[in-house]
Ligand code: GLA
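Next up: a single chain in structure tokens, the form predicted on its own.
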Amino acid sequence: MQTLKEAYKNYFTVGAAVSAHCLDEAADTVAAHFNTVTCENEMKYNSIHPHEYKRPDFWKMRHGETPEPPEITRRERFIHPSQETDFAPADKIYNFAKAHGIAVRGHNLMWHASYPWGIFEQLSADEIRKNTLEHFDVMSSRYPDCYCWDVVNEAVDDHGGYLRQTVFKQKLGDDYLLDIYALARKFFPDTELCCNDYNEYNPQKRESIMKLLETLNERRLVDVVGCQCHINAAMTDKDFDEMRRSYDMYAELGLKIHITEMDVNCIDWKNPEKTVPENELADRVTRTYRRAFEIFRDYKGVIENVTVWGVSDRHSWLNGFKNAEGRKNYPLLFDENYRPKDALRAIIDF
């Protein structure tokens, strides 16, 4: 069987998100099949600048319930984040990639969920600007060879509004994204800048994503549309049609497209009773991957990279997220022992 990167060498690069804690066991698979890698968490703010503040599990809380914000200790480290850093996990992945001739996608420079919850809400706008400037400086100095960066991750609102209500929008103003992307362009002048989000095929959210992309693109502050592509094994023909329609719309802007975080969820979070039966999972996951990659291939020349969010089913984030019953998920291309699944064979053996 061909490797994945060999099968798609004439279409687009293929990548995987990897974590430092399982890189050693995944190394052979990653080196054989992928020509790009993304740090799953290790380049996010809370990994580079560790802290003791635990983010609440909001999805477990009642509607409208809000925990008390924590008391800030050593405020200066949040104004000047270079005072407290841990590069070892990200370095492990970055250096592995460089040693094996694998390109690195930077993920990510700013994401509301990667900051210590309740802390930045207590900082002034000027303190947040200083923090952001210093963090960008740290990342550009330490990881200069990332060919693309996800700049502000998941900035668009999920519920029919335009921009997500984050502490950055509240403190820095409605146009804060223009300043942040301009800052990224300054610190990463030779790097592709990506606007990365999920539910990018949902028509309502897509309108807001398009509005943001048009605003950034007018100012030459974005190069890539990041489509996370966290999809479900129960996808319908209509869903796949919306996927195509989305790529048509994004491509009309003249931007490249990256599939940045692909996996195939086997659990329906909103309607657990519609979750795919276990005896159908392998076939449904295989068919979903095959159908999606057929579409990706049709956008050769527009889609530059397709990245799956993980390597082995053993370590997928979907095994725990919104999964109170602890059901196993089967969202990736390699099983728990890093053996190729039928889904991998299906997208290689067209």
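Numbers follow the displayed sequence, beginning with 1. Computed from a prediction, not measured in an experiment: that's the story for all the values here.
In what follows, reference is made to the form predicted together with the ligand, a form of this protein that is not presented.
Comparing 61-69, 37-45, 279-287, 22-30 against the ligand in the predicted complex, the single stretch with non-hydrogen atoms within 4.5 angstroms of it is 37-45.
For the options His135, Arg206, His230, Arg185, the residue carrying a heavy atom within 4.5 angstroms of the ligand in the predicted complex is His230.
Comment: the ligand is not present in this chain, but in the predicted complex one of Glu242, Glu127, Glu154, Asp223 has a heavy atom within 4.5 Å of it, namely Glu154.
Taken together, His107, Trp309 and Trp317 are fully in contact with the ligand in the predicted complex: each brings a heavy atom within 4.5 Å. Within 4.5 Å of some heavy atom of the ligand in the predicted complex lies at least one heavy atom of Trp111. In the predicted complex, the ligand sits within 4.5 Å of a heavy atom belonging to Glu261.
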